[in-house]
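Next up: a single chain in structure tokens, the form predicted alone.
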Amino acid sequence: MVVGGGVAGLATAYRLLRPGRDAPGAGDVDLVVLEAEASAGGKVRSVELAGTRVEAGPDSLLARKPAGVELCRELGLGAELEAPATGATMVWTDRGLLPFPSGPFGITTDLGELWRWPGMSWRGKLRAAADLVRRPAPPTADGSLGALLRRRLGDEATDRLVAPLLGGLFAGDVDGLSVRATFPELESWERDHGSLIRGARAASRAARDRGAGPVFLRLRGGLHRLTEALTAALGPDRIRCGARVERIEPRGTRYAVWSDGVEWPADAVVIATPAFAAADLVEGFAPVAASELRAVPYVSTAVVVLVYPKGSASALPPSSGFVVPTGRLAMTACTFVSRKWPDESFGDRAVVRCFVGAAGVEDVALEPEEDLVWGVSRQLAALLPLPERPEEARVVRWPRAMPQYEVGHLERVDRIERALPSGMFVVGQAYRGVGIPDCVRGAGEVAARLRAHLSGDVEGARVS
């Protein structure tokens, strides 16, 4: 039984049925996916407005984490993967929108470029360059992403360059996010190279040497094609939409899953819901796990999709969009959709997505729709030669959508998994990565543990 039909739940069900050529017993699992919403797919969603279709959730797959791309290929969608038309990202500064200095994660690899970059003071640049001569900190327990960045690069480079990019991926505050749960490579850069800048240089060289392709890939037409392909592969008899699970009861070594008054017997259960929803389901028989699940904080966000009138496409610079330091604008980031993912349906219209709401600024995402549209469109018009009003707009709200990986998050996940009874598993954004590739990878790991449980392999069913 899989509870939750988002990407993680669908991918887990798929891996249970098709674990791979080397896995024993492929195809012998009888399963059902119960999804509370009217359709499966979770946060993979698009909206239609002004005669075009625009993603309202994730719009691409991070290619350096291969699980998502590999799943697309396995489902026969490999030929439909495409790179963005432009990968150049900008950042909001007091001097307007500026391109990032070259380097991964906003960490420069070229000091000469950093000296010439007008978005920071000379003092801030010198402090960032001091990363090259500062001694590495001794190994310690997990710390915050912000603490590492500020120690190595200083406050200005952290707040103006790195935090908008890295914190934005989690809608989080870098001073509260765990390094090891979010970007553990930064810790290894300091440890192995003695410097984030040298680590960034080494990572860039390694990427060039292996002929690394685009950072992001998407499916032509939208990521909904991935969830549709998963749904088709599972078959209509295995997915029940509009089926909210009210409770789960242990029955000896098995479980009873109750949905809309119907009891579903199960040998094992995968809960692929947000952590707070999982807590409600396990509280009666796994109170320690429930307490830890509830301790995973979430923030609410919203996406404002704007389609501008004909003739406006040229107002967007040749960039994929920009990010914003915390609190400087109503939005935290903006994607130039018609530049990044050009489509015939856009014509010569500018199409953008603005993101609002994050840790510390959640209240913005709760504003009335008209206020959100007016606020972000007015700020865009001040930055770019766009009209003050779009032709059409849509706001998609994501309440309690983004789990926050606080310091010690991975230890909390370990405690959750150890506190769950045998035959019960959790998977999804709340645990070991928020992106689609992370959820797909986690789905494969959970499916392997569940199959081990069903075969009586106690060691294989445990968390490695």
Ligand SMILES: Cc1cc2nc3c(=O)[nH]c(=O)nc-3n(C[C@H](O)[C@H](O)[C@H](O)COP(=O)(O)OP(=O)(O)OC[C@H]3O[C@@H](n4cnc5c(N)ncnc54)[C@H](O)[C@@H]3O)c2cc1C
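Start at 1 and count along the sequence shown; that's the residue number. Quantities reported herein were computed from a predicted structural model and do not represent experimental measurements.
The next section is about a form of this same protein that is not shown, the form predicted in complex with the named molecule.
Using 4.5 Å between non-hydrogen atoms, is E417 touching the named molecule in the model of the complex?
No - in the model of the complex, heavy atoms of E417 and the named molecule never come within 4.5 Å of each other.
A67: touches the named molecule in the model of the complex, heavy atom cutoff 4.5 angstroms
Answer no; every heavy atom of A67 is more than 4.5 Å from the named molecule in the model of the complex.
Please run the contact check for G176 against the named molecule in the model of the complex: heavy atoms, 4.5 angstroms, yes or no?
No, no contact at 4.5 Å.
Residue contact check: P274 to the named molecule in the model of the complex, 4.5 Å heavy atom:
Judged by the heavy-atom cut-off of 4.5 Å, P274 is in contact with the named molecule in the model of the complex.
Single option in L148, V245, I239, V364 placed near the named molecule in the model of the complex, where near means a heavy atom within 4.5 Å
Answer to the contact question: V245.
Should the three residues P317, G321 and C334 be counted as contacting the named molecule in the model of the complex, with contact defined as a heavy atom within 4.5 Å for each?
Not a single residue of the candidate spot has a heavy atom within 4.5 Å of the named molecule in the model of the complex.
Check each residue of 329-364 against the named molecule in the model of the complex and list those with a heavy atom within 4.5 Å, in sequence order.
The stretch 329-364, when checked against the named molecule in the model of the complex, contributes only F355 at the 4.5 Å heavy-atom cut-off.
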